[in-house]
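The chain below stands alone, shown as structure tokens; this is the form predicted on its own.
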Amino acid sequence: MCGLLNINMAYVNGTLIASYFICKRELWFMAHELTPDQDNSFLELGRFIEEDYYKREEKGFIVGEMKIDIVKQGDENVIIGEIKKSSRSELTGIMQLSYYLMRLKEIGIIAKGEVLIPKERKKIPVELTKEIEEKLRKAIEEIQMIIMEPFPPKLEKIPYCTHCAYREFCWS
């Protein structure tokens, strides 16, 4: 338990993994269920892209704590997809998708992944490697430590701040 908040130590999800690789302060806000600015135009654009593209695909699969954007059958394996707005989110998409692949592997499902950036017509294949798995396990440990802190990490101006839906929490 952290201060007045009841945070489950085991609870880490793909969104927190993605935030970890962007901004640890944003991660803390999300983990503590602070609602970002719902009128943020970049947040709305993300929702639009997720809803408007890949209409022929089935979307929004829930597996445990994971919400996977797209699941489809490949030639040999199941392929899961993570939709991102732009290449700017490429690393976070790869790590988020790798987290899903790792969790699926733990329950006996071997899958491959694709980060999908429809506005740029990009499809980035993702496979879970031992190196990425190790990086994720370290990230999960650090995420749990960040979540347990009573206050968010210190402010740090980064390029993502300009479009962040939590901007008001940091820079107003």
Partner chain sequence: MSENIYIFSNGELKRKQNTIYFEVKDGNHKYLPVENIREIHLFGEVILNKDALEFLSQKEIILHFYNYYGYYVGSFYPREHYNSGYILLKQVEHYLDFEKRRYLALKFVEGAISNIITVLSYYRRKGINLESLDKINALYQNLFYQNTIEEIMAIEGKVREIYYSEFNKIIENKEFIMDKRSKKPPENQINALISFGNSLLYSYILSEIYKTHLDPRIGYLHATNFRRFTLNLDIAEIFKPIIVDRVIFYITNKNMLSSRDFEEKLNGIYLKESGRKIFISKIEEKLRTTVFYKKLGKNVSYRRLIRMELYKLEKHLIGDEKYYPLISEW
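Because the structure is a prediction, the values reported are computed rather than measured. Residue numbers count along the first chain shown, from 1.
The form predicted in complex with the partner chain exists for this protein as well; it is not shown, and the discussion that follows is about that form.
- Item | Answer range among 33-41, 118-126, 102-110, 59-67 for contact with the partner chain, defined in the predicted complex as heavy atoms within 4.5 Å | So the stretch in question is 33-41.
- Query: Is there a non-hydrogen atom of L155 within 4.5 angstroms of a non-hydrogen atom of the partner chain in the predicted complex?
  - Reply: Output for L155 is yes: heavy atoms within 4.5 Å of the partner chain.
- Item | Exercise: Y54 in contact with the partner chain in the predicted complex, heavy atom 4.5 Å | Because no heavy atom of Y54 falls inside 4.5 Å of the partner chain in the predicted complex, the answer is no.
- Does R25 reach the partner chain in the predicted complex, with heavy atoms at most 4.5 Å apart? Output for R25 is yes: heavy atoms within 4.5 Å of the partner chain.
- Query: Does the 4.5 Å heavy atom contact test between P159 and the partner chain in the predicted complex come out positive?
  - Reply: Although the partner chain is absent here, P159 would stay clear of it in the predicted complex, with no heavy atoms inside 4.5 Å.
- Item | Residues in 116-134 with any heavy atom within 4.5 Å of the partner chain in the predicted complex | Read in sequence order, no residue approaches the partner chain (within 4.5 Å, in the predicted complex).
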